[in-house]
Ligand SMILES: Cc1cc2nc3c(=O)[nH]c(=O)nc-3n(C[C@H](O)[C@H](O)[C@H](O)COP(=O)(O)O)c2cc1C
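The data below hold one chain only, encoded as structure tokens and taken in the form predicted alone.
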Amino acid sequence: MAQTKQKTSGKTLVAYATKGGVTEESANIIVSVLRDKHKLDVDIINLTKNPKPDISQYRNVVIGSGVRMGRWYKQALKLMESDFYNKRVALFLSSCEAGEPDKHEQSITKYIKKVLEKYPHLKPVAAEAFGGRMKMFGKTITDNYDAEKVKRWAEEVGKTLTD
């Protein structure tokens, strides 16, 4: 794998927890934008496979989670307990509810602001809720995922992380 030129903003970790795969799609888009457009040195970790990543080497940490039964996945919540002193943190989540335009702001409050109340040490530089995809018996019954919205958010996050 070719090394990319690292900016002074340091290494970046994108860590996510997913069950249905939409959050992984978002994580991959975010990684691609941060690497290709902002030239950041980025690692990606699936928290369901590696629930306790060592974040000490990272200046920037992006945490993503799906939502099931109205809750973030426990692996993402566990990572949010970490010591983020001197780190820039961004959060994102995937939820069908967040993909409905009339429920987006409500989702930000419900899934991000309320969760952050439990982690007062965590002061994200950016946070967003994206739509999702719900399957039942192998069939997609709801799909309001917007990859372009994820890309636009990643571009803004990249600007913040390289400032």
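Keep in mind that what you see is a predicted model, and the values were worked out from it rather than measured. Numbers for residues come from their place in the sequence shown, where the first is 1.
Not on display, but discussed next: the form predicted together with the named molecule.
Using a 4.5 Å cut-off to the named molecule in the model of the complex, each of G21, R68 and Y73 places a heavy atom inside that distance.
Listed residues I55, C96, V33, L47 were compared with the named molecule in the model of the complex; C96 is the one with a heavy atom within 4.5 Å. Among the residues A126, M134, L116, I108, the one placing a heavy atom within 4.5 Å of the named molecule in the model of the complex is M134.
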